[in-house]
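Listed next as structure tokens is one chain, alone, in the form predicted on its own.
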């Protein structure tokens, strides 16, 4: 970022420094971050308020203050209409589009174009009104009153009212119907004031309420669903063809054959969407993906990040645009604690005690043997940052700049070899051949990981290529030795800690045999307590301390082998006009996208 900062004239740098100073000029003890109720009202907030909230939430950086960043042109092509074909990378099927069941970025990238929430984030990761046109916040930060947009229609013709907000809340808070239920733990009640007014009462002020809980894409718990469609279709069919109030409606979805979206003519904003149709095609293999966009068979890549080996070729192609932003996520190598030789059935011990157990020694040896810089250089072509926790650099204030030097996982091949020897496998002798599960898009990363472990520890790892749904299923069941998977769309510490690190986290072996495995990949009571505390802490400095303490424990006790933080890369052909207002890290919002018509 410093190089971007230095390229501006002195007066511009002074403006940026002054705005940062003003943004941080507030009382951290104030749950409303020193802002008045008028300033906090929706549906949009002024620049000063936005910068103050970013600072208070720990999300402000110079990135938000530099002009001209963010990829894509803000100028729309003349006219509208046309069709766009997008390739969804690294998967062969879109498993579900029901927000109550979504657990993958590649899925909520699609639903963000189909379903609405009370709020939606903008490129600065600040919530703006979506189905809410305005809101008021009580002086203690525990009560939000939302005015709802009138005249909104679901794709099936049903009118949208406050009853749909209540229905969505009741459905999402039910663990039997939703995997997102824990996001609603801080909500005491939701009341219908009238047909177009709802009141949320919270147990405690929540800094991430508008961005995390109510946001239509990454939040998902309060993404508004259609009561009438669910009753008539059933949950299974709704997961394939959900009915919402968004700019596009789903007209076709067959597993393995992709999704077709068509323009919803009754969308509340008559100027959107621009496109008539969007075809989304799963493309699991990197080579066909590259060939398809080069030939113009697809015009945009969404889904999982494109394979790193493809990016340089995309950049060199004059017909292709590559937009790169800081990525909100982490990538990891998961080590099954229920299998030898790295078995650890109780993480609730001091680190020094764990370090005496052979199973933990092997886990730690693998983590310390991982040369992350070498991995990033060879597998990602330099496009990534070493990771040592779930809290990513895009979270800015909460990101621990020192953890790479303090975590037990820091690279040290000699110490890794000593640990493996103490565990009974000197120079890898007698060590069993492990299997590493990856999807096809992660094949190159897997090959480099196998090579690094052989080089550092002299152990053999067999690469197992699996289709994305199979990989996810094995991860959820804890059916693996080693497995490569990560997270995206993580805009708040809750995305990293609540979703991944707690004993009851939704990704923590949800379909495992609970009689044989009391937890999934990790369980630590102190992490659970710290995470529950940070979720409701409104003082940013205290929250930062809690977040970083929990993050450090998961790193130190090797919840997984943290590998790297990706950059967010969006690839599309030059005839696609993808405006900056839609360039939200982790998402692929297409409601403002247009396509230049070819002229002969």
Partner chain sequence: MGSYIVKRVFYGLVVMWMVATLVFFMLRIIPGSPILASLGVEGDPAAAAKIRHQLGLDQPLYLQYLVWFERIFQGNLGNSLYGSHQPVSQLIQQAFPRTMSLATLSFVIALLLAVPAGIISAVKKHSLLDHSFTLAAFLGLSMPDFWLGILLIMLFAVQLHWLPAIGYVSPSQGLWPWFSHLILPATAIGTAFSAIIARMTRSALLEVMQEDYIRTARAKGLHENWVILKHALRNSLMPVMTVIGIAFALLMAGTVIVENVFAIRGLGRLLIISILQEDYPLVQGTLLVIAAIFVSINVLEDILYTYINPKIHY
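Because the structure is predicted, anything quoted here is derived from the model rather than measured. Residue numbers count along the first chain shown, from 1.
This next part talks about the form predicted together with the partner chain, which is not shown.
Is residue 379 one of the residues lying within 4.5 Å of the partner chain in the model of the complex, judged by heavy atom distances?
No, no contact at 4.5 Å.
Heavy atom to heavy atom, is residue 417 within 4.5 Å of the partner chain in the model of the complex?
The answer is no: residue 417 has no heavy atom within 4.5 Å of the partner chain.
Would residue 255 count as touching the partner chain in the model of the complex under a 4.5 Å heavy atom rule?
Yes - in the model of the complex, heavy atoms of residue 255 and the partner chain come within 4.5 Å of each other.
Any chance residue 167 has a heavy atom within 4.5 Å of the partner chain in the model of the complex?
Answer no; every heavy atom of residue 167 is more than 4.5 Å from the partner chain in the model of the complex.
Pick the stretch from 137-145, 287-295, 369-377, 332-340 whose residues have a heavy atom within 4.5 Å of the partner chain in the model of the complex.
After filtering at 4.5 Å, what remains is 287-295.
Tell me, out of 222, 364, 387, 283, which residue has a non-hydrogen atom within 4.5 angstroms of the partner chain in the model of the complex.
Only one option qualifies, and that one is 283.
Since exactly one of 486, 520, 302, 308 fits, which has a heavy atom within 4.5 Å of the partner chain in the model of the complex?
Going through each option in turn, the one that passes is 486.
All three of 95, 182 and 470 touching the partner chain in the model of the complex at 4.5 Å, heavy atom to heavy atom?
Judged in the model of the complex, 95, 182 and 470 all sit within 4.5 Å of the partner chain.
Within 223-239, which residues have a heavy atom closer than or equal to 4.5 Å from the partner chain in the model of the complex?
235, 236, 237, 239, in sequence order.
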